[in-house]
Ligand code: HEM
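Below sits a lone chain in structure tokens, taken as the form predicted alone.
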Amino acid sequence: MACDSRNKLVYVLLVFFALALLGSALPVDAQDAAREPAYRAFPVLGSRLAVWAVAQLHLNFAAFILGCPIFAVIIEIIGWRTRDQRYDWLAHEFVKLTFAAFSTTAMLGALLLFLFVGYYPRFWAYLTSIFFPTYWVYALLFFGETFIVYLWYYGWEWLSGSRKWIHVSLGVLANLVGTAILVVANSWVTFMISPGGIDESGRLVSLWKAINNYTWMPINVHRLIANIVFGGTIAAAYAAFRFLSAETQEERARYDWMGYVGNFVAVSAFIVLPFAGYWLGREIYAFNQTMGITMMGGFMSWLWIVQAILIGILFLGSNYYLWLGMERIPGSERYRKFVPPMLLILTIGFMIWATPRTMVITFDEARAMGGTHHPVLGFFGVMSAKNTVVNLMILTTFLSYILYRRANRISTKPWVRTGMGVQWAAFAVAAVIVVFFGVYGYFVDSLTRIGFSVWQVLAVLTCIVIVMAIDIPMFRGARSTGTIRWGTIATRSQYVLILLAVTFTWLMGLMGFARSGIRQHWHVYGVLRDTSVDAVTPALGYAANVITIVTIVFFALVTFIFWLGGLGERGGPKGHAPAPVIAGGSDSSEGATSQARPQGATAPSEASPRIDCAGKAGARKS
């Protein structure tokens, strides 16, 4: 508790210091501005690299502390409504992770601000002249979120029982304030890409138009979804870390379940993330076609091949984890015949998505092929093919989840055949629509082809809504074929969870580089030119190396935080309450919770596992 209080004091002092620094960054008069140097050189690394590395680290931690509480409060609401202590414990574990990263995020944010003010003073002065009123809003929101999150965390036991609704409301409020912080900060970032609300000389005309620029709302949606994915993958990686270091079967069962929930939240948000990316790309093209062409067809086009490989890893890894998880579910054997065709679809889709439109070749190779485009593979390098396969991969991943969800349940509803028929029809119709518009896109102009992606997206989303709307009532009260044996999943599944977290973190860094790199030699595109020695977009190889190093540093810090989280539980009480009963470790269906029973109920087993407040395994008599 004393350590947490010191962290809180450091955090508040950092915010006050940052506010003082913001006040000192107010625009000065013309003579002072002329004497102020536009840039200062950071020792050894250079100013751009220093800002880049700190900004990426800060954004990674900020994404985690914004994304993790979102699904923590959702899980807490589930536990509150069902009275299942497993979910309340899990929500508390997620908030504890967020709590551990708060101080690190604040320190990195303060350091980033110091670098901007000290090494890019003229740029920061210009940005302040546009957005200074929003700085105070941002600071007030940060104070508000800090106090709400502390009350949410420390009031977990105090606001339990009949006052639980107050605690849940605090969690919802914390997430609303956190989202507002994200929205305010995004206005600064998007103004640099697609400035608005200014006249020809760059002076502010309308603050609202400067905030509500072309890319502001797409970035808000894209980053919010990405933060949920990111928070889910990091939470799942934490569970994998604890699973691999667990000493008892009860601990493995608990963290196996935690990893599944974290991965489920991440995959659920990841399925809709590409659609938000499409919207952002359309708005960039709408603002400036040259910028859009630079991003997709210029020197950054090969970056999207790397992106395709990473997203392919995410799809394959997520599905592989679900398939491994089915092995711990009695009755899942009847669905394993679907795994090979799903793997085939994902593999072919991955290969097509990673196929470049043009290749780096010699003159002799180009002459042998008859041009820079391969006569066969060239057809798969255009967006029609890529949009088609990514939507098919999303459908396949959704199908994997549906099969996992019903693996140990058999519906008893009289209309089950009709319901499943409608579900399979929805999958078939969505796949036909996606393939139709993908093929038809080769016979229309580029503007029409871009519009086809909207219909493909709508087909997939409609299929997801229809299938879930039928599946939930169809399997309510279903007959169970056996209890999920938590903790018996193959150890390699935990390395998959860690791989997914690392891959998504690296992907976030690459996409951040793409978003910033399309400005090229502009601080604010078309308004404030970058005249520093670093006024050139770095090569893709250099950028990839920087992002890789930052990702390694980030996970080194995260691993240290994970280790501290486990260290704090040794020799003392574990958590805010007795850890929940999680079935596992036995091939029989006896033990704890069954899918066929109401959530929160336990079977009258002679010795089902229990974890007491000290974290020791015990036995409970029926």
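Position 1 is the first residue in the sequence shown; the rest follow in order. Bear in mind the structure is a predicted one, so any value in this text is a computation, not a measurement.
This next part talks about the form predicted in complex with the named molecule, which is not shown.
Student: May I ask you to choose, among 409, 515, 485, 164, the residue with a heavy atom within 4.5 Å of the named molecule in the predicted bound form?
Tutor: By the 4.5 Å criterion, the partner-contacting residue is 515.
Student: Within 4.5 Å, heavy atoms only, which of 274, 121, 325, 438 is in contact with the named molecule in the predicted bound form?
Tutor: The residue in contact is 274.
Student: Residue 185 near the named molecule in the predicted bound form, any heavy atom under 4.5 Å?
Tutor: No, residue 185 sits far enough from the named molecule in the predicted bound form that none of its heavy atoms falls within 4.5 Å.
Student: According to a 4.5 angstroms non-hydrogen atom cut-off, is residue 318 in contact with the named molecule in the predicted bound form?
Tutor: Heavy-atom contact with the named molecule at 4.5 Å: absent for residue 318.
Student: Residue-level contact is defined here as any heavy atom of the residue lying within 4.5 Å of the named molecule in the predicted bound form; does residue 427 satisfy this criterion?
Tutor: Close contact is absent here: in the predicted bound form, residue 427 is far from the named molecule, nothing within 4.5 Å, heavy atoms only.
Student: Heavy atom to heavy atom, is residue 90 within 4.5 Å of the named molecule in the predicted bound form?
Tutor: Although the named molecule is absent here, residue 90 would stay clear of it in the predicted bound form, with no heavy atoms inside 4.5 Å.
Student: Heavy atoms within 4.5 Å of the named molecule in the predicted bound form: which stretch in 259 to 267, 133 to 141, 343 to 351, 301 to 309 meets that?
Tutor: Correct option: 301 to 309.
Student: Does each of 227, 284 and 504 have at least one heavy atom within 4.5 Å of the named molecule in the predicted bound form?
Tutor: Answer is yes for this spot.
Student: For the stretch 42 to 74, which residues lie within 4.5 Å of the named molecule in the predicted bound form by non-hydrogen atom distance?
Tutor: The stretch touches the partner through 59 alone.
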